[in-house]
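What follows is a single chain, given as structure tokens, in the form predicted on its own.
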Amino acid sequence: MSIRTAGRGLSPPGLLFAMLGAAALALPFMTLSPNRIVSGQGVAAWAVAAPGIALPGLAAVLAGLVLGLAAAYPKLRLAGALAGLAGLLWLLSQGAAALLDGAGEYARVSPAAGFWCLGLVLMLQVADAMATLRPGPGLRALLLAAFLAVLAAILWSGLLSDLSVMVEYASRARAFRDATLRHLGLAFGSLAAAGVIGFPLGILCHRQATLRGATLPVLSFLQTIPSLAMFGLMIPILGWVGATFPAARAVGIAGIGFAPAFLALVLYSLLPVVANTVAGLASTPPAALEAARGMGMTAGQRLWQVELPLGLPVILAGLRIVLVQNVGLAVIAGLIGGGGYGTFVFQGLNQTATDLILLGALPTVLLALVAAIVMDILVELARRTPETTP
């Protein structure tokens, strides 16, 4: 497709999104079930509430999909996607209250396939419009902060309190806060530990080809071990350490819990940190190194003033991989008592309670997306650093 065609006609992604959105409208938008475990009955988007209440939300969703067709106006496509998301929020909040009216004390209402599909389509439309607009890192950070503020305001307002997942949260608010802190500790703590170990190791591997040839294959092998198997391998090892050394047991090192999950995540994190450190340092232009040597810089000065600043974008890209990976892998820690959002996921699986699963899955997805966006911003800021030779 030529630039001229894209500028005058319909947006091909927008046309695809409109078709997918129209198909999603035919799916059940919400489900109403007699309790938290029993499967619910699907309800179409136009039937979740009285016509006077449902039609404005439907109109906003349809208008958003139609506005997404305008190839020449990415801002209009973005505005349409946001209007569609607002329509989804309206249908969800008003539909939950209407469906629960007279449904019984234990009745639960949840988003169904239609809601999730429409939400995904509209979010893809947002991403497509943003890719066309290409906002700078500062504006992206501002938009991310605005999105999080709006999301927090919606949750704080109680607008969605009738949804089953929010009912699950209300009964587990303290446990959710504890799980959030534990999940953040696993994801960011393992990232910090991998950085402390991986950066010096990466620098040494960059300097010594023999060490690099021995280290990277071992770290690559660790990456091939399935996550559940890795968590399982940590149990007997740390169990023996905790049983043998009282001091280790006193600080919480045991066969199950936080320690084995943390150690497994650190091991998974080492390859991206070490490999990207080596790649980042190796990407320094030879001319810059020659100029630094000509100025009489020592090896340490060249490392800190030339190689690391120029290799920083590649190194940060490795940290991005680690952080997003660890946010997801930390869910599995719930299987071995490590805490985090995985606790709710596996409790929900055991109880066949879908909304309890969502209580753990949704914040995990949100945290991974926010982490990826923030790290992308940092990588771009690092690339904008003037790459001037000394």
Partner chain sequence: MKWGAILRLVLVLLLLALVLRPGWFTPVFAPLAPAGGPVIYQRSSLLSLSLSHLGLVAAASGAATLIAVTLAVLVTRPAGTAFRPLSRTITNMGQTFPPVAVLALAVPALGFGAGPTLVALFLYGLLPIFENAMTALSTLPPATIEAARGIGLNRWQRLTRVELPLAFPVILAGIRLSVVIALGTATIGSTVAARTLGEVIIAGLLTNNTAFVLQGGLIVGLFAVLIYDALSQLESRVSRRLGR
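Numbering follows the first chain given and starts at 1. Quantities reported herein were computed from a predicted structural model and do not represent experimental measurements.
What comes next is about the form predicted in complex with its partner chain, which does not appear here.
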If we test each of Ala103, Val241, Leu233, Leu139 for a heavy atom within 4.5 Å of its partner chain in the model of the complex, the one that passes is Leu233
Of Ala18, Val379, Ala368, Ala24, the only residue with a heavy atom within 4.5 Å of its partner chain in the model of the complex is Ala368
Is Ala229 close enough to touch its partner chain in the model of the complex, meaning at least one heavy atom pair within 4.5 Å?
yes
Tell me, yes or no, whether Phe221 is in contact with its partner chain in the model of the complex, where a contact means a heavy atom of each within 4.5 Å. yes
(request) Give a yes or no for Asn35: in the model of the complex, does one of its heavy atoms lie within 4.5 Å of a heavy atom belonging to its partner chain? (result) no
- Message: Is Phe346 part of the interface with its partner chain in the model of the complex - any heavy atom within 4.5 Å?
- Response: yes
Which of 158-166, 191-199, 80-88, 123-131 lies within 4.5 Å of its partner chain in the model of the complex, heavy atoms considered? The stretch 123-131
Contacts from 299-329 to its partner chain in the model of the complex (any heavy atom within 4.5 Å), listed N to C, are Arg320, Val324, Gly328
